[in-house]
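Just the one chain here, laid out as structure tokens, in the form predicted on its own.
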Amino acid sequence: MNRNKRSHLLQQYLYVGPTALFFLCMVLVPFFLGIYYSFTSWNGISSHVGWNGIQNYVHIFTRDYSFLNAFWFTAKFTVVALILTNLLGFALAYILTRRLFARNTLRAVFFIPHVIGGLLLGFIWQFIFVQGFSSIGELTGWSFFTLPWLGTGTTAFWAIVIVFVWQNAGYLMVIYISAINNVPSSLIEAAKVDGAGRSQLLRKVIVPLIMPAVTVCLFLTISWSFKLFDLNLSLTEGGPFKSTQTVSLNIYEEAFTISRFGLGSAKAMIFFIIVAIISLLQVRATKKKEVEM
């Protein structure tokens, strides 16, 4: 091996090596350890790790109704959040790609909620739902503000949806703005010359051409919704009576509160497989609708 090849190989190791080592230690090793622990009865503390085969998985699907209820809640939340977040994000992007006064300021205002941490955001909105809304309700008499937003399962569900959409719509807005700005103006002008109205222009030209952005935004929203944890923990803690407990929070409590780490690892593996399958199906379905510009 000559000097140039050795130098090139050394550069590759220097650039890729630290990242590969970090990925190995922080992702691959914990992942495979999680698979191993999912077949054990380990409590997360003891040095003894008892092997129990597939008993954790059997228990989850036959007797762990809290996990099944949490998964059902997470699935409902994901569907609603997926639709509302993307609709609002696209609507904001469509409006803010026009020539409006202070549109850059408005873009920043709508994006800012995404950079606020989920725990802090949950505590802020908890105060708003409990104290702020009740004060507004007393002043205006509007029943919307006097609802027990965190007191019942139904209203708490919509409270989490409201905060989630408010937090993430701005991020999707940025992606949609970039995609809309990349639509060739010549195609838009040609459609207008052919007599296309605003709705036809949107449905027949803009939306088909921004499908790659739609694919990305749907993938991100599904991932965020299914993995929702910090907002759920700080806003409702899964209450009332675990009616708003997400799968992530259920896994956390199983492993670190009840100290059944093996069972929690099994839940995490099931959760990973289901989310991966749903994400792959979504990406495959939306990529078929993408068109070349």
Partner chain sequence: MDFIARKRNGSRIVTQIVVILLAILFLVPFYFLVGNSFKGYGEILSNSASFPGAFNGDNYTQAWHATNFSYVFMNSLVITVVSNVLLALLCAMCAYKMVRNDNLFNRVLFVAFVAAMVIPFQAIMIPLVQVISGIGLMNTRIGLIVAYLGFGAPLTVFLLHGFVKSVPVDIEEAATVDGSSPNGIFFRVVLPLMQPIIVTVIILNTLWIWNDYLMPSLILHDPQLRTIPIATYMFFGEYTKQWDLALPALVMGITPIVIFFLAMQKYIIEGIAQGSVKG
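Numbering follows the first chain given and starts at 1. It should be emphasised that the depicted structure is a prediction, and the values quoted were computed from it without experimental measurement.
Below, we refer to the form predicted in complex with its partner chain, which is not included among the displayed structures.
In the model of the complex, its partner chain sits within 4.5 Å of a heavy atom belonging to Val115. Although the partner is absent here, Phe123 sits close enough that one of its heavy atoms falls within 4.5 Å of its partner chain in the model of the complex.
In the model of the complex, at least one heavy atom of Phe101 sits within 4.5 Å of a heavy atom of its partner chain. In the model of the complex, its partner chain sits beyond 4.5 Å of every heavy atom of Ala81. Using a 4.5 angstroms heavy atom cutoff to its partner chain in the model of the complex, none of Ser185, Ala191 and Leu281 count as contacting. In short, of 129 to 137, 67 to 75, 152 to 160, 202 to 210 it is 129 to 137 that has heavy atoms within 4.5 Å of its partner chain in the model of the complex. The listed set Val214, Ile222, Leu92, Leu147 contains one residue whose heavy atoms approach its partner chain in the model of the complex to within 4.5 Å, identified as Leu92.
Contact residues in stretch 9 to 40 (any heavy atom within 4.5 Å of its partner chain, taken in the model of the complex) are Gln11, Gln12, Leu14, Tyr15, Val16, Pro18, Thr19, Ala20, Phe22, Phe23, Cys25, Met26, Val27, Val29, Pro30, Phe31, Leu33, Gly34, Tyr37.
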